[in-house]
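The chain below stands alone, shown as C-alpha cells; this is the form predicted alone.
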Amino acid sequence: MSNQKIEVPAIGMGPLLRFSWRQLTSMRTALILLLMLGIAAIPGSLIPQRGQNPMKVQELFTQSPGLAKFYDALSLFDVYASPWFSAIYILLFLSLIGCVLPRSFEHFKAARALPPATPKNLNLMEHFATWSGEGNELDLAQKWFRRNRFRVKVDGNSLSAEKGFLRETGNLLFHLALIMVLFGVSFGALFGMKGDAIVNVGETFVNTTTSYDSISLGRLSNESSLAPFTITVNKFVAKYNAITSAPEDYTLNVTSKNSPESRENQNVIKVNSPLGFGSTNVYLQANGYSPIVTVRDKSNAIVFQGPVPFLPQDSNLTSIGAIKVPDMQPQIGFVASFLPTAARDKVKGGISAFPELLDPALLLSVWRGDLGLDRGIPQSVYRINTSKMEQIGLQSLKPGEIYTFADGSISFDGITPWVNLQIVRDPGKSFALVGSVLAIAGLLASLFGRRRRIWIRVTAQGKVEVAGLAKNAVAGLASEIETFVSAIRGKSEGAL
C-alpha cells in the first residue's frame, strides 16, 4: 500500500468571507450575541462607572488599588464605552440586519404570491371532509374565502386558499423594530449628552461644560454641540402634605434664552413637564437647601461668603454638607447638617421634622488642618476627610446668628432653595420609542397570528372534498374548517 499525500484545496478569500457572513447572519448567532450583550452589561450595574460616579471609582482606587487597576485594564469602569462591549453591540447589529433583511424580502415575495396548487390526495391532509355536491360549491367557497380575507387561487375544479401571513410578518417586524431600537440607542450614545447641575434660586445656568456638576458627552459630541441656552432660576415652590411630608407639587419659574441674542422667555418647569430647547430637554430632578454663610478670619476679613448646597438625606430634607475654606491659615472646614424644621431624636440626634423652612437650624462641627484640596485627588463637595484634621468647635446656629471660634467666625445669614437640573439630549430616543412600539405590535402579531391553508375540490363524480393544513400545527383550524363546511353545505346560510 503506497503512501500518498492527500492535498486539501485551500479555501480562497471569497468563499471564506461568504462562510463567515453566513455564520454571522444566522439566527443562532444573533441569539448568542444577544445573550452575550446581556451578560456583558452586568458589570456595568455592579461596578461603579466613571461617567456616573467618579467618586466611587476614586474610592475604589484608594481602598483596593490592585483590584481597581485590574478593573481599569478591562475597561470595567467604562463598560458601555469599552471596546469589547462595542464589538458585541456592533456584531449583534450586523447579525440582525444580515439575518432579518433577506428574510423580509423573501416574505414580501411569498405574501404576494398565489397559494400553492391543490394537492392530489386531499384525503391524506388534516381535517378532511367530503360530501355529495350540488354544483355551486366552488362559487360559495370563493365568496366565503373573499369575505374572510383569504388569498385564493382558482385551479380548474378546485380552489386553494391561504391566510395568516400576519404571524411571520409580526415576527419579522419584531426583529426589524429591534434593529431600530439598537440604532436609536447607538445614535443617542454617539450624538447625545446628559448632565446634572445644581443651581441656587437667583443664579443663572449657562449651557457650557464648566457649568455642570457632572456631564457625559457622546462619542461624537463635544462642547461646541451644546445648545447655547441660558436659564435663570427665579422662584421654586414646593408643596408638601402636612401629615405625611410627601411632596404634592414642585413648581420652578425660570427665565430662559435660546441664545445670547434671543429674547427672554418666562417658563414653568415641573417634574413631568420639562423645558425644551430643540432636541435638548431640561428636567427638574431634585431639590434642597443652600445655607448662606459668611466666614471671617481673625482680622475680621471675609474669606468665604455665599450659599452652600447641602445634600438631602431623607424625605424631610435633613441635609448634610461641607463648608471648605482653603484661604484661611490654617485651613478650616465645617462639617455641617441643615435642618429645615429642627427637631431632636433620642437615637439620631438632630433631625428635620418637616421639609419646609418652619424652624431652620445649621449644626456645625469646626475642623482645622489640611483639607486635601491640593493633592489632585477628586473629593466630594459634601464631605470632608477629617482624618488629618483637628476639631476645634461645635455649634448650632439659627438664621442671623454668629459663632466665633479660635481662628475666626461664621455667620448664618439665611437660606435659599436649590434645584437639580438634568439636561438631556437624546436624538435617538424617537427611533427607540417607535421601535419599541413596533416591537410590541410585531410580538403580538406573531403570537396570535395563525397561518393556514384550505383546499376545496369538486370531483368528476360530483363529490366535494375539503381539507386544511395549519403551519406549526397551530390550534383553531378544525373549528374554521367546520365553519367553512357548514357554510358551503347550507347549514348556516346567514354566514354568506
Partner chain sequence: MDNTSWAYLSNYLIYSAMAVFTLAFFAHAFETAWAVRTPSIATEKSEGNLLVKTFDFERTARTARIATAFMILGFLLLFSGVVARGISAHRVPWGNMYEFSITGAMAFTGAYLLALRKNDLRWLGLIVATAVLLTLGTAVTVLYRPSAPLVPALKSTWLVIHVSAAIVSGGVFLLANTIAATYLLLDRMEQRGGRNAWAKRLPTLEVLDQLCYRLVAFVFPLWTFAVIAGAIWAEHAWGRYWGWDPKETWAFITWVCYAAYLHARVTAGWRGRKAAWLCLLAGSTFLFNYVYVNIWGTGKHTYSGL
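Positions refer to the first chain, counted from 1. Owing to the predicted nature of the structure, the values given are computational and were not obtained by experimental measurement.
As for the form predicted in complex with the partner chain, it is not shown, yet the points below apply to it.
- Residue K56 is the only one of K471, K69, K56, K463 with a heavy atom lying within 4.5 Å of the partner chain in the predicted complex.
- The contact with the partner chain in the predicted complex, taken as any heavy atom within 4.5 Å, belongs to F85 out of Y212, Y382, F85, F277.
- Only one segment in the set 259 to 267, 77 to 85, 216 to 224, 354 to 362 has residues whose heavy atoms sit within 4.5 Å of the partner chain in the predicted complex; it is 77 to 85.
- Interface membership of G414, defined by any non-hydrogen atom within 4.5 Å of the partner chain in the predicted complex, is ruled out.
- Within 4.5 Å of some heavy atom of the partner chain in the predicted complex lies at least one heavy atom of F174.
- The partner chain is not drawn, but in the predicted complex it has no heavy atom within 4.5 Å of N300.
- Although the partner is absent here, T255 sits far enough away that none of its heavy atoms falls within 4.5 Å of the partner chain in the predicted complex.
- Counting a residue when any of its non-hydrogen atoms is within 4.5 Å of the partner chain in the predicted complex, the hits in 282 to 308 run Y283, Q285.
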